[in-house]
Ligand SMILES: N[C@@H](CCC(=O)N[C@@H](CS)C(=O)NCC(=O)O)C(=O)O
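We begin with a single chain expressed as structure tokens, specifically the form predicted alone.
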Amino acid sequence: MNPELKKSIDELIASNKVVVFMKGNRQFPMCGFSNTVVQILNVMDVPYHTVNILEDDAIRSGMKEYSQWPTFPQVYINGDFFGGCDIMIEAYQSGELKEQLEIALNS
């Protein structure tokens, strides 16, 4: 990954408590998995930033290398990779997501 792209991703993740790299955006998710993650975050009523990976091939391919995670969406909470759609569903159902978001938003 080129250093400029890594720096750009680092800064984006550092400047937002919750970031979702996804297909589409929060107003118009372009895949079912991305839509599921957006709906979970909307129900939890937390601020979050979305990045449409379909608009930038460098981000799309770079994020796979950056996170070592091959699929989208990719959710970052408080600067750390949290997971994709399945992990978000499990964490939402178990209450772990609520705990992680409260920690992030209060830090």
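On a predicted model such as this, the values are computed, not experimentally measured, just so you know. When you see a residue number, it is the position in the sequence shown, counting from 1.
Although it is not shown, the form predicted together with the ligand is what the next lines describe.
For this ligand-free form, the site is classified open because the ligand, superimposed from its arrangement in the predicted complex, keeps every atom beyond 2.4 Å of the backbone and C-beta atoms. Of the residues given (I40, C31, I59, V46), C31 alone sits with a heavy atom within 4.5 Å of the ligand in the predicted complex. In the predicted complex, K64 approaches the ligand with a heavy atom inside 4.5 Å. Proximity of K23 to the ligand in the predicted complex falls within the 4.5 Å heavy atom cutoff. Taking the partner from elsewhere, G79 is found to have every heavy atom lying beyond 4.5 Å of the ligand in the predicted complex. The ligand is not shown here, and in the predicted complex it never comes within 4.5 Å of any heavy atom of E99. Contacts to the ligand in the predicted complex (heavy atom within 4.5 Å) from stretch 68-87: P70, T71, F72, P73, G84, C85, D86.
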